[in-house]
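Here you get one chain, nothing else, as structure tokens; it is the form predicted alone.
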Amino acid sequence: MSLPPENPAPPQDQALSGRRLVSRRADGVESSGIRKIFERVQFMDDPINLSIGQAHFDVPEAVKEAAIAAIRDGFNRYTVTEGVPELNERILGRLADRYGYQGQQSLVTSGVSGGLLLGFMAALDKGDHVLLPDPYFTMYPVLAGLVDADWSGYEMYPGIPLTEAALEAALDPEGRSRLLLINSPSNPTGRVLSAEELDIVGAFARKHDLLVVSDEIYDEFVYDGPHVAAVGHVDEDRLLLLGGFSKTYGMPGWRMGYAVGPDDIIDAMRRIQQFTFVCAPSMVQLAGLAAMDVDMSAEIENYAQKRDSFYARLAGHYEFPKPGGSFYMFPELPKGATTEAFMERALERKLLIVPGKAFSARDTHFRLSFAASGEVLDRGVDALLALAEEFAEG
């Protein structure tokens, strides 16, 4: 074994006579806490994984066969940037049928994450300001930083109604606010915005001349009534609606979403996509057409039952309202527990959950996912009840 040199080489970011090799923008992006847990699972023996943000069921067979057929038929090259016309027509037609949406442009994106990035890049300049919900999906503040925008959080904790006052409190006092993001059903809380709350959003956006970006990736996972979309509550000329196929059809790794909105925003996103993602995966676009003919109501009903059972067994041991959608719950930590202590005890039981501070300026909650088999959920409940008892005993 050779000895290390007496004068080791300088760190990479000090190489080339002190010039940085990594941008300050990249330095500002910390690794996702959720991805860290995802990577940790690979090395654990039989974990109880309640951290995952994807449906546990498989892609429907008809959708798989459509993708396989597209590959075998040679549909493997670029499509037009905005996506195949037939798919965009189906997307717009579904929105028109369900919500009366009259928009004329749809853009197929590489997942809703891709749509979010394109939307932020198209709508925001350096120094602009964004209003984000708190709790938020972990990607939202990172995207603001990537486009050199500032952001503030508005109150969206479960059980607290959304008010104009909460939005006003998050508005930039210097008039730099340009974009208001909403997410319903919510990741991480499972909260569903009501029609009245969306009316508040629409009126507030009109009053302050804001673009509303509505992330509706969990639109099918609504359990106590039909999904209330932002369409019809927010003016269509200031609404960018994002949806996708990842959650509903169990295909998150296939990376396909869509964006519909004002012509100028969609056109800007399309031009940026030409030089970034180029287009969404070609064979997946044809699979998406097949997916839109598949009835997923049985899977959604199964998740409603999971929600009911999981909540019933944890209620009284943890504080949180029953979520109305998605497949997440956001309970408060037991009284007297710190995140560090709670997470440590959870890991001792092979229980994987996500600390609430990954999604919020507050450090008072944690996120559970009930997108798992019944056996895993049973083990998870047992571990959570044991944790609640342990912390109750001090």
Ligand code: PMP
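Computed from a prediction, not measured in an experiment: that's the story for all the values here. Start at 1 and count along the sequence shown; that's the residue number.
In what follows, reference is made to the form predicted together with this ligand, a form of this protein that is not presented.
- Proximity to this ligand in the predicted complex, taken as heavy atoms within 4.5 Å, picks out 136-144 from the listed stretches 290-298, 136-144, 260-268, 95-103.
- Using a 4.5 angstroms threshold between heavy atoms, I217 counts as touching this ligand in the predicted complex.
- Among residues of the shown chain, L240 is not one whose heavy atoms approach this ligand to within 4.5 Å in the predicted complex.
- Residue contact with this ligand in the predicted complex: G53 places a heavy atom within 4.5 Å of it.
- A residue is said to contact a partner when one of its heavy atoms sits within 4.5 Å of a partner heavy atom; N187 meets this definition for this ligand in the predicted complex.
- Only one of the listed residues (S113, T81, S282, N88) places a non-hydrogen atom within 4.5 angstroms of this ligand in the predicted complex, and that residue is S113.
- Residue-level contacts in the predicted complex: of H233, R255, R307, H129, one residue has a heavy atom within 4.5 Å of this ligand, and it is R255.
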